[in-house]
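Below sits a lone chain in structure tokens, taken as the form predicted on its own.
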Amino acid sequence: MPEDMIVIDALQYVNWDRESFLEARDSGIHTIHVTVVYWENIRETLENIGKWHRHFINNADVILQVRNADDVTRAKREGKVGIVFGFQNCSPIEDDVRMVQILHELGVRFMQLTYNNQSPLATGCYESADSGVTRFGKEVIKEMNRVGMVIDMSHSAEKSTLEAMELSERPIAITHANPEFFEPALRNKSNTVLKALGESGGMLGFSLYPFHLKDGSDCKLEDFCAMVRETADLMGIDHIGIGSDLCQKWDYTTLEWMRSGRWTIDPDFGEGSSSKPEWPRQPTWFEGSKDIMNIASGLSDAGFADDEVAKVMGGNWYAFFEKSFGPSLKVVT
């Protein structure tokens, strides 16, 4: 396994504390894309970012904020974990496209256009009808392209996802999902979407969330790695990485917030659950950040060459960050 490999997890939602930061650092992960928002408005979002500022102050020996690809290499060089801010919904921008630049200046580098439901920008994957990207969505995509904020369609419906790829002048990402052929979850993506994503230069982050895995919590590492191989054949080895969707140290009330937000009185149980939901058990080979290198070993055992393992474990995300986090060179009038 290459010693100079960069390791990036393109999505985690953890109730972060110093113990969690130390575990991530000691695991060999160099950068993590963290969820800052699910349903929060702009004021609540700023409060969440403020909490992260305290994390950076109180754990300066362990973590640092990533605003560009150079910060990833700095984190690796200094033996720290880089933290990239991302939103799993567009709620923080409310009805104002100007919020995109303001939030980018605060370090936000990913934003989903939807989280399961219809949003002001596009349609979520739980809706029965997909109307595609809205008029407001088209303006937000242009602004995200301009400032260097990545369009994330992890929780979006198919037509909306394909339209976002077509409308965006920069490659988009699906940071945490798996192919539909691996597990037919609502959140997993069709071959049509994945092929288009690869052809457009975008990125897919493979999810380790049990509801997105074949056999759920009992998914075998060899089956996961076989899926990675099949997806690489479909999309190209340069367009895949890890986006574990790891959720840790949260109680049931947080799970209900994720699923239900403020849009329903009754809890939304979501995919994979028909009664009061609980956090699903992680596969034994990936119980948390500490197990990230099990994936690298599994890929190697599955026949991936060292350079291919390095690409999947973080090299591809690093190259994507280099192209995506800076402002567009296009002049906007």
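A residue's number is simply how far along the shown sequence it sits, counting from 1. Since the model is a prediction, treat every value here as computed from it, not as a measurement.
We do not show the form predicted together with a further copy of the same chain, though everything after this point is about it.
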query = Would W285 show up as a contact with a further copy of the same chain in the predicted bound form if we use heavy atoms at 4.5 Å?
reply = no
ask   = Applying a 4.5 Å heavy atom distance criterion, does S119 contact a further copy of the same chain in the predicted bound form?
value = yes
query = Should E180 be counted as a contact of a further copy of the same chain in the predicted bound form, where contact means heavy atoms within 4.5 Å?
reply = no
message = Considering non-hydrogen atoms and a 4.5 Å limit, does a further copy of the same chain approach D291 in the predicted bound form?
response = no
query = Looking at E158, D223, E143, D238, which has any heavy atom no more than 4.5 Å from a further copy of the same chain in the predicted bound form?
reply = E143
Among the candidates E94, E169, E78, E230, the residue which, in the predicted bound form, approaches a further copy of the same chain to within 4.5 Å (heavy atoms) = E94
message = Based on heavy atom distances of 4.5 Å or less, which listed stretch (246-254, 129-137, 78-86, 194-202) is in contact with a further copy of the same chain in the predicted bound form?
response = 129-137
query = Which of the residues spanning 25-51 lie within 4.5 Å of a further copy of the same chain in the predicted bound form, based on heavy atoms?
reply = W39, N41
